[in-house]
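The form predicted on its own is given below as one chain in structure tokens.
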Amino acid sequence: MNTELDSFAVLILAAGRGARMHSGKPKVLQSLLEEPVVYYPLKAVQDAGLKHISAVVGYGGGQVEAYLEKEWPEAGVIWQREQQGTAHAVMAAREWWEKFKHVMVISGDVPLIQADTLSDLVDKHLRTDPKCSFISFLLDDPSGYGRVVRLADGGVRIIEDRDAIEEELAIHEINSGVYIFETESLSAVIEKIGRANTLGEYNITDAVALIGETEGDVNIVVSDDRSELLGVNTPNDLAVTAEILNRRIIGCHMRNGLKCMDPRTTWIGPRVSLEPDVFIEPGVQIWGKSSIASRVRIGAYSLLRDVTIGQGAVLFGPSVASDSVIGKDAVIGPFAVLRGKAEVDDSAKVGRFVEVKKSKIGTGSKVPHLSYIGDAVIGEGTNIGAGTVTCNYNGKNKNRTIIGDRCFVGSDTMFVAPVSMGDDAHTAAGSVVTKDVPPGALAISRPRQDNIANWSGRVTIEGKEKKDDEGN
């Protein structure tokens, strides 16, 4: 089967503008569970074992090409400089796909398509050996979709909704926009495709009609899942699709051991990895390439993006973490913020209203509350008092603070970076540390305290005398 798959090219149609999105961003780059729409058909094709992939780009093609080069470097990019329809896009890639025996043509805006569906289409195409195969599905309300017209003589054609006559509009079998063509057959008909339609475009559906003039040359695979092949054309479509995708993703994780208190309010992106026995409270969002180990508990309304969390860690919600690593049995939050490659080692604590940015909190160390730790390294077994700030920015440059092992930092200490604190050192509460603190030393930097005797008595007397002066 691998040899047979090597004979397939896959052409992703990603050149359209998507005017109904009302956005300057190309339709295939619209965000869907924080991934571009085109991510999903690309992933399905890849998971189906199809390796020779190219995308046709056009409107906003520079943005699409940049995304593909970064996230899908194995995929080729072919330009359609003028967008004159789907057949015109396929024609633009002709020199590439003619090198293969088969070409799969798939829209970049069908994010619900699954790898199993594509594998089934490939398998049936190889077994029946037609010149063209495509997927159709049945809809109660087919408005807006191309209809599959099965002719009395066994031929097949596809008519777009806007070009259909009343009799054709009554058909409920819909074209999915997923095709496989024998490249030799496609080459023979593609230049015969005209523009006799409402939009004056060259449509790849006409290639199906030309090939389907002979009975048996087109194989239609009817899908049982009508939602899987729905396209995304409007903001409303994005919302509907997001709900279906999210339900599918969470269901898969729950079958593998995720404990989710309220799946309706939980959102998990497609690239998130969850080990069994993770517990998620309501309102949680997990995005990007996050990896969550077993026995982790994520508190309500927490937002995680591109994080790695070790076994047994607890995040009290709401907390926010992005581009960060949290170690085993660490405790985070509530109301904590981790960002910019923050690292919280095993059994460490980052408590309420603490922000950690581009810093490392060592094993067993604690930053319990109301602190900002930026551009810092904190050793093992150190305690950071409330209100501590690493003053990392001098108006021009970011500077580092280094705090050693087993240190005790008094509340409201300001570290004016660059500065360091040796192992087993202490700071007195309220200190402003501007010089390095040697190991084992106590740093005190604050004004001397003066006590004025009988102050409360003076206030009372002066207050009474003032009242007397006013005649009261």
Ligand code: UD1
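In this text, residue numbers run from 1 along the sequence as written. Keep in mind that what you see is a predicted model, and the values were worked out from it rather than measured.
One more form of this protein should be noted, the form predicted in complex with the named molecule, which is absent from this view; the next part is about it.
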Between L118, A313, A89, C132, only one gets a heavy atom within 4.5 angstroms of the named molecule in the model of the complex; which residue is that? A89
Under a 4.5 angstroms heavy atom criterion, identify the one residue in T388, S176, S365, S324 near the named molecule in the model of the complex. S176
Is it true that A242, T266 and S302 each have at least one non-hydrogen atom within 4.5 Å of the named molecule in the model of the complex? no
Going by heavy atoms within 4.5 Å, which of 365-373, 155-163, 398-406, 280-288 lines up against the named molecule in the model of the complex? 155-163
I'd like to check something about R458: if you look in the model of the complex, is any of its heavy atoms closer than or equal to 4.5 Å to a heavy atom of the named molecule? no
Please run the contact check for S107 against the named molecule in the model of the complex: heavy atoms, 4.5 angstroms, yes or no? yes
Close approach of Q80 to the named molecule in the model of the complex, 4.5 Å, heavy atom: yes
Partner proximity in the model of the complex: N203 to the named molecule, non-hydrogen atom cutoff 4.5 Å: yes
